[in-house]
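We begin with a single chain expressed as structure tokens, specifically the form predicted alone.
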């Protein structure tokens, strides 16, 4: 390059890189710097019958990072997805069976009996006929009570067909049930959910269940994270979580779990910071916004504090909030187009001189 050409290029570059730079991209304000996760609470439970294959499928289509089945054991030792300890609120059990010992406990019915039930829609934005505009479930009988195995099969099929990596977040329900805890881990292993890439988080309000499932993971060679559920409490200046079997400090929880799932009503920025200082992720439950505007009002402040994820009945509204917080792509320097234009002009000048 001739001296005059060198001087011209240097001048253009000096002009370019002395120009103002746009703000560089930043990471999410979470423990890992990764995006907060959207957990489909009992599936798309705001729109379709909760804890059903149809509801889980819609949630996945809406962009859930995890689906959450609550897990209970039937009278004959089978694991089913059901939140309540009884079948009364969400199914038509009273139309088909008489009460047993004055109630309709899940644990008093066999899998065959529970499979004869239909789950009813209960969400605030659900339709009485269990439909959602533009969505047709891919399976037969989408609103029957599914087993944990069936939920895992659906998840595998969906991820395989769509190239997604949606995880699963099962909860071992109260009260403490050792066979249930062991069976959850065994079912995960049986269905091939035993590697870190499978994105499994096990949760419970019962500390003893967390400990036992952690031991079962080791014994059965399964990789999964563990989360203690409960409410936020500050005792003598120490943050912790109150589950079904008492209060435990964050430091005590960090000895047995990887994170906490806590009621959104008690979360503070200081709590999240304290948990992060101990390497604990923080997930919050349960967000039920009935519009995108409401979702931003509920969720955004906690994302600003560094919340790592949350449970929601409305995957679509909540997905919008998380996506709106995505760090922007690193922009080009403001003067880079000028540099390219300048170099292009100099090249054209050389070509003209050569001609």
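Residue numbers count along the first chain shown, from 1. Keep in mind that this is a model prediction, so the values were computed, not measured.
If you look for the form predicted in complex with a small molecule, you will not find it shown, but the lines that follow are about it.
- Though the small molecule is absent from this view, in the model of the complex it lies within 4.5 Å of a heavy atom of just one residue from 229, 201, 80, 188, which is 229.
- In plain terms, the part of the chain that comes close to the small molecule in the model of the complex, with a heavy atom within 4.5 Å, is 278-286 out of 243-251, 91-99, 127-135, 278-286.
- Taking non-hydrogen atoms only, residue 311 approaches the small molecule to within 4.5 angstroms in the model of the complex.
- Taking the partner from the other structure, the small molecule in the model of the complex has no heavy atom within 4.5 Å of any heavy atom of residue 292.
- Not displayed here, the small molecule is approached by residue 70 to within 4.5 Å at the level of heavy atoms in the model of the complex.
- Of the heavy atoms in residue 173, some are within 4.5 Å of the small molecule in the model of the complex.
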